[in-house]
Structures are given as structure tokens and as C-alpha cells.
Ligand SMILES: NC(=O)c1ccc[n+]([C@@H]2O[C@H](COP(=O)([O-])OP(=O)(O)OC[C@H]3O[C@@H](n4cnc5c(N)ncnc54)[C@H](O)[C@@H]3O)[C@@H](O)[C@H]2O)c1
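Taking the form predicted on its own, here's one chain by itself in C-alpha cells.
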């Protein structure tokens, strides 16, 4: 397979996203849904646990590059379903199994693209973790693959399936807040500042580090670039901007009914407090997304855990009548004005039922059976990932950037174009879909 080219993207993306309401029923599973998991340690295992709590779901196979977690999760699956899954360290062998109806991909971000594409090609539906991919180009090719092979592909942005999020977004879209002039997002987490650096060391026993690197550049093994902290390095992730950004910015996209990129994106920030830690990310970042009649603002602060309205993360819609603030626990509205001049009454906190992730899993299972588009279809996730990547690219270039969605490139900015593209280490290559 040869690397994809922007010329191909320009001519085929529009056709690729033209998806019917009901996808092809080819390889439609029987009553029992047989699934497998690639990437077993963290969120992948959290996903699989919720799948196995549902009736008529069976895990047939696990795949991971680390024997420790592969064997540990095999015992966990045995305990939950009474039968041990088959184990693999190479996802390509894993995908050769004919009995798998669907695949969960819980790998680091740089390993989302290839397994998703190859799973679609093999006729399997996919639940892949967020962000959709580590570059804009990979996101686009993944979307093409899902459409080309008529697969149900959902992304682990479970807020789309959260009842209290749906209520909050509906409140916004019903116009209750008046004219919305600004949408704010923030994510302040200690892990976003990285952790103290340590020396490189030998690869631990049982770890296929060459496979873990995959298409990423060849680098010595370091625990701070590995399990748990890989997302703080550009080769594998995008820091808080892509980790929490896709979740929160997606709420702004949903609430404001945004269908494409912003007019422009600009960013400022730096590694101001965590410069001696093991991280390539900014610990402080502010991003402005420009639109004709409102603005969206993202900010993150690594190394702290406090934030606006007493929440360390969240989204706020600022309207002329009031401001709606939401996070995963609740949403509320603070009305504008005082006394007789109050433009709307406050809405007290509307609590979450904490079922977003379970609902998201159930939605995917149902869509695998009905062939309908899931709550967070890959096209939704592709747009949220685009916004998160735009924030990081604006920060890394120091430029005001303008993304041309039709031509799949930035306007007069080769530096930004380079950061939007996937640069795979041989022998890995990004597929083309001809």
C-alpha cells in the first residue's frame, strides 16, 4: 500500500461521506455479537467491560503488545463470561478471524487508523476510541474506509449518548438562551502538565515495543512515553487538546449545529509551569475559533484541577438571556439580569444519570444489528477531531490558520499542511482507497 495523496483526498472525500441512513447489512451478525479488543490496558478494557455486561455479547479475542495486560485481561474476561478469549500480539493476525462481528480499538491515538481501516476492509464493525486519529489526514482516510466498506463505525465520545447532555443541547438549540455570542470550553487536569522526566531504559520483558511504535518514529524506550503518559508526546497523541478537546468541543459543534470548519483558528500558550517535566505539550493553551456571528474559545491548564464555575472542565454557552454550563455530572443555567430585569429564570443543576458510556455501548450494539448510523458516527467524530487538531496546529505554527475543507489543506500555509499529514515510518504506510 502506498501513501495517500491530497489529490486523492480532494476528489474522493465528498463521495465517501455521502452515507445512507441505513448501512449495508453484509456480514450482519447473529443474535450473539462476537467482539474482540485491540489495546487492553485502559479505556479499551473499560469499553469491553460494558460490552460484556450486555446480553448476547461474547469476547472471542484480545490483542495487545504487552503480555502483562494481555494475560491479565484474559483472566478478567474469563471471570466475566466463563470462557477465555484467544490472545494475539499482532492485530493483523487478530483481524483474520472470521468469527468477529465487531472490534473495539483502545490503542494509543497513533494506532487508531490502521486497525480501523483494516477491520472495515475485513467486514467488521468498529468501536474506536477518541480522538478518531492522530492527524487530520488519517481521520479522512478512516472516514473513507467506513463508507467504502459500509461499516458501522462509532467513536468513544460517549457524551453523544448521555441523557443529560442531550437535554442540555436541546435547551440550547431551542433558543432559550437568546443570542449565543460565545461558547467556552476548558480542561484543567494535573496530568496535563506531564510528570518528572526519567532516563531511557531497556524494553520491559513481554513488550513488543517495535509493534507499539508502529508507524511512529523509532525512539529509545522510556516509561514516560509509554503506558499512561504517551499522549503527552506528538508522535502518539495531542495532549489535553485532543484528549478532552474532542469531547467538549463536540458539545459546541452539536449545540451550535456546526457543519464545517471555523473561518480561522489562532492559538497562544506554552509550557510555562511544567518545562522540566516529560512532556512535549503546552501546559497552558488558549484557542480562538472564529465564526461569522459567534466565537468558540478553548483553554487548558495542565498541572491544576480548578476552573470556571467551580468545575475543572466543562462547556459554557453564553447567551443574551443566560449562560448554560455543563460537565459530565450536571448542567445548569444562570439567567442574566437581576430582580425585575431578570431575562430568564435560573435552571438548577440537572443531574446526570451516569449512564452515558453504557448507553453509548448499547447504541453501537443496536446499530450493528439495524445497520443504522450510531449516535457518534465516524463523520461526527472526524469533525470534532478536526477542531482539536486545528487548535494544536495553530499553537505549533504560531500562525492564524484557515482550513479549506474542500481541498483538504490549509490556505497558503505549508507548515500547517505538514502537521495535518501522516508521516509513517517504513514499512508502515497509510492506505489509499482506489
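Residue numbers count along the first chain shown, from 1. Since this is a predicted model, take the numbers as computed values, not measurements.
Heads up, the form predicted in complex with this ligand isn't pictured, but that's what we're talking about next.
Of the listed positions (154, 116, 241, 107), a single one reaches within 4.5 angstroms of this ligand by any non-hydrogen atom in the model of the complex, namely 107. Only one of the listed residues (124, 231, 164, 147) places a non-hydrogen atom within 4.5 angstroms of this ligand in the model of the complex, and that residue is 231. A residue is said to contact a partner when one of its heavy atoms sits within 4.5 Å of a partner heavy atom; residue 212 meets this definition for this ligand in the model of the complex. The closest heavy atom approach of residue 43 to this ligand in the model of the complex falls within 4.5 Å. In the model of the complex, this ligand lies farther than 4.5 Å from every heavy atom of residue 311. By the criterion of a heavy atom within 4.5 Å, residue 131 is counted among the residues contacting this ligand in the model of the complex. Relative to this ligand in the model of the complex, residues 135, 251 and 418 are all farther than 4.5 Å at every heavy atom.
Only one listed stretch (155-163, 139-147, 276-284, 169-177) carries heavy atoms within 4.5 Å of this ligand in the model of the complex, and that stretch is 155-163.
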